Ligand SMILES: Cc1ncc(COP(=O)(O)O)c(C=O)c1O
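Next comes just one chain, in structure tokens: the form predicted alone.
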């Protein structure tokens, strides 16, 4: 047997990155060159000893920060009891979390199916919608991100390179424009935006896709990867009414915008809409792999045993952490903190927008905030965004980008962000803008 090569212990970011290049596939993109040694609360610490305020949260995953004591304790306690059963047996944490999640979600009689990731939840939602309706077509929205597995990727349209060289995709998939008022092609304002979107949908249903063929619309209540776009208030109610008129299901993808990110437990609650099916993931287990499909019992009860499954979905440790996560939300009044910090951050950003011509739009709900950067002619400015992110990172603040042209600064701090941490982030961020956009 070939002896395992023992390499010297790397001592720096650069040492580790060199070692990574020899072992890991480069296809996995990373936003920063940081090699994290440990994390605590709202901070990441790299192997060189540098500290970074984390305004990425693992892309809206560590919503309670890193290493929350109640989350750690729940994981440790469950590890001592049970790691895994798969579909061999039942276990208590999955039942407990399903009860809590069904009660927290919009609607009155929900059932839950657990998976591992947002993409897996979307795949299951597609299958459920087709299974119960007997219809083939799913309609998504331009700019959406639903995942990278084949069904989910067929619906994803936020970046061209996610789809390049992977066709053909799932048949029966169509896209309509997302209501993006800042870049609406027929003019600014909510009414013009909604008219453009629903005229497009009406024309689609009149000429290309018979409504009786459509199983579901799938929509992000707040667009995530596509630019952190908050739709006009009437969008989801009108879409809900359209679906009801044609007996089409409405799937809300709450993978990024759900679980308190917008100041309500689920983003669709801002608009008074109850979806038929909802996908949840990312922050549901504070960093452990877990996702869920939540749907009305009238649909879930039609999904016959063994019609769908998952080997690792609903893992006992992840589910125990999921229960602890909901406990922390209630005990520490996390949603109230999101409202307060979100309003303050939006106020400061809007004031900064008045001083910095390169900020075209500031938008968001709660602590899901996008800052769109533009050139003098209004075109997307990806270069400016890169400069702001680099200067911020050099000063100890981790920021992400998003948007179809990668020109939107994505602010995704922990939901239990403190006032002092917000102040620290703000000093770095406004200093970055002063340095590169003055």
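Note that the structure is predicted; figures quoted are calculated from it, not measured. Residue numbers count along the first chain shown, from 1.
Form predicted in complex with the ligand: not shown, discussed below.
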_Is residue 255 near the ligand? Define near as a heavy atom within 4.5 Å, in the predicted bound form._
yes
*Answer with yes or no whether residue 184 is in contact with the ligand in the predicted bound form, where contact means some heavy atom within 4.5 Å.*
no
*So in the predicted bound form, does any heavy atom of residue 147 sit within 4.5 Å of the ligand?*
yes
_residue 282 versus the ligand, in the predicted bound form: is there a non-hydrogen atom within 4.5 Å?_
yes
_Heavy atom contact within 4.5 Å of the ligand in the predicted bound form, the stretch among 110-118, 309-317, 86-94, 132-140_ = 110-118
